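Take a look at this one chain, the form predicted on its own, written out in structure tokens.
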């Protein structure tokens, strides 16, 4: 392990003083226990790239929970321990750090979760996915800031390469395929030549990974700043097709994801919007297969189903003779992400105008009278109340009722047509209470 490069000044430049102070304190506490303490993984990569990353990944050659408890007491921090994984999360004053026990891993079979046991920092780094993520920094007193680079990660950063550590990397854990594409596209790097060959050789190993884990990787892709770059590359290398053969990472998808970001303005679009655009061209049956495979949560599944269902309604929405109440009826009850996706995907200008009308105005329209008001006027509690409220909303939507008195007249007419006799003490109750 070479100590030729020291990143202490880089840490001071790119990390807040509070976190730098914590790392020095933690390094001293670990040294007092005769344990090595290190900053590892993506944050080291980003420090070398001159980027700020506050997602600290700290590793101790010893009991992470015991060390975390001592640091929590010294820092008056909240600690959340996970004994199964021997990790601890510390939180204080808006800061958060994770401490893990250095460990080695072995795989009983391809795609299985690894068998884990405590180890040294060398073993911990050897289990990492790519050389650029397999570096560490000493945090112990006397060697604070020294870079540990066993696999040439710094050189790969300079060459802008994403390289696996060994030839069985994708066989052991094929989720690394998706992670490799994320790093390649996020950093504007390239997959190293042998790594690309191994990925193409082992792409079928994605089938050994559970749907839950694949879903997690897909969600991380959709959280990227430009997920379309990853999806386009995934299609090019046959990775996207392992999710479903009909999925495309083409120009249409790139344009729609970009439009979704433009539509959102203040914050990135939800995963639901991105995923619904990705799956927009699937049939209902194909979508159900994907939902089942990825074991999508109920709310996200509903967004995708609403999107496909609404897609089949677009032709009807393109009718220029539709009344506002009919537009409302077609769109009411669909999730907003599904409506937004169909607005983005819609090619008919009239249908697009109708969706805009619903989003901007119609969905906010409601009668002035309430269910209680109707009962006071003589409508019997039960289905009749909803029926009349629907009629009033329809009248409001179509401009046939513009004031409360218009609604009262409609209710009186409805009562008369249904031969409901209104008691004298109820007939003008709304007018008496009207301001």
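Numbering follows the first chain given and starts at 1. None of the values given here were measured: they were computed from a predicted structure.
There is also a form predicted together with cytidine-5'-triphosphate; it is not shown, and the following applies to it.
The closest non-hydrogen atom of residue 279 lies beyond 4.5 Å of cytidine-5'-triphosphate in the predicted complex. By the criterion of a heavy atom within 4.5 Å, residue 166 is excluded from the residues contacting cytidine-5'-triphosphate in the predicted complex. With a 4.5 Å cutoff on heavy atoms, residue 41 counts as touching cytidine-5'-triphosphate in the predicted complex.
Shown alone here, residue 160 lies farther than 4.5 Å from cytidine-5'-triphosphate in the predicted complex, counting heavy atoms only. Between 304-312, 181-189, 229-237, 82-90, the stretch whose residues reach within 4.5 angstroms of cytidine-5'-triphosphate in the predicted complex through a non-hydrogen atom is 181-189. With respect to cytidine-5'-triphosphate in the predicted complex, the three residues 45, 133 and 173 uniformly fall within 4.5 angstroms at the level of their nearest heavy atom. The contact with cytidine-5'-triphosphate in the predicted complex, taken as any heavy atom within 4.5 Å, belongs to 129 out of 129, 149, 146, 156.
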